[in-house]
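Single chain ahead, written as structure tokens, the form predicted on its own.
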Amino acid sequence: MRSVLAFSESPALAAEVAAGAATICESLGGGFAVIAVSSETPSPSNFEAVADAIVEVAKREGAQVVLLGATRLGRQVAARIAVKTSQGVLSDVRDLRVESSGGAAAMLTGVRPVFAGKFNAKVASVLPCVATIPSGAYAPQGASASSTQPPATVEIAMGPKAPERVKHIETRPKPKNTVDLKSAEVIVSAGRGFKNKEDLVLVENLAEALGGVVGASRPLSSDLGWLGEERHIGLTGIYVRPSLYIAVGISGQLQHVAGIKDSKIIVAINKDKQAPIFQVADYGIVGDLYLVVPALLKAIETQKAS
């Protein structure tokens, strides 16, 4: 019997979901399994079919928790599993654990940001239940040493395709990500302080000099389209945890801070000394990015040459 079933449609997210599953198993005991849709089955675009298949495996394994990634597919499937099994759902949560006291029923608890990341809310559901975790909530790792069973993969074969409630018109392939922000040790992010798209060469050069990658705040990726959506860091983008995070021309609104708060060292460059980013930064440089970044690049080159 496996106490937790973790489902993910991608190998990258599967590693994170498995890490969350291992954490829960420390409290529940027993092992966990990562569910994979069989390669012989159709693409898992029919939410009903995927939900039905996972429910069948969950009942067979006696799972106390079904854990999914907080993706478009994961959120849709989680809601359907909850309805089919009359269970509660914890959405977009991290820091999952099982709690019980005073003879009360065991509950799965988690934390999620509310009010644009200004506060964290603790949410809970009686077991058994369903939960979704956002990308970056857990560092990918193997099973916990305290799990009594090693992780396993269970392939599920979806049954006949359920009747579609939405008419499918067209499928457009999404451009592949050109950067992996979640595993980057150094990230240099650009914000609205940049005047022109061409000026982003400054952060590109700084990231290259430090052996890092380029990220962005929402205005540059979603609003202006200067950088791809895969570089968007924040509450509605990607959560990151690099060793060094440099925010260049980023004011530091709550939505962005929510995505970088787990960084080991945060450096802020902004000409507004009242910018909120300085409240969370370990080091701050008050100055014009068009002067500060070239000076940093020169200092780095000098250091490398010495």
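The numbering used is simple: start at 1 and walk along the sequence shown. Everything numeric in this text was worked out from a predicted model, so none of it was measured.
Heads up, the form predicted together with a small molecule isn't pictured, but that's what we're talking about next.
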- Message: I'd like to know if I250 sits close to the small molecule in the predicted bound form, meaning any non-hydrogen atom pair within 4.5 angstroms.
- Response: yes
- Task: Although the small molecule is absent from this view, report whether V77 comes within 4.5 Å of it in the predicted bound form, heavy atoms only.
- Result: no
- Query: Should R241 be classed as touching the small molecule in the predicted bound form when contacts are defined as heavy atoms within 4.5 Å?
  - Reply: no
- Query: With a 4.5 Å heavy atom cut-off, would you call R97 a contact of the small molecule in the predicted bound form?
  - Reply: no
- Message: Please tell me which of T236, S183, N120, T178 lies within 4.5 Å of the small molecule in the predicted bound form, judged by heavy atoms.
- Response: T236
- For the chain shown here without its partner, which stretch in 104-112, 216-224, 123-131, 67-75 has non-hydrogen atoms within 4.5 angstroms of the small molecule in the predicted bound form? 216-224
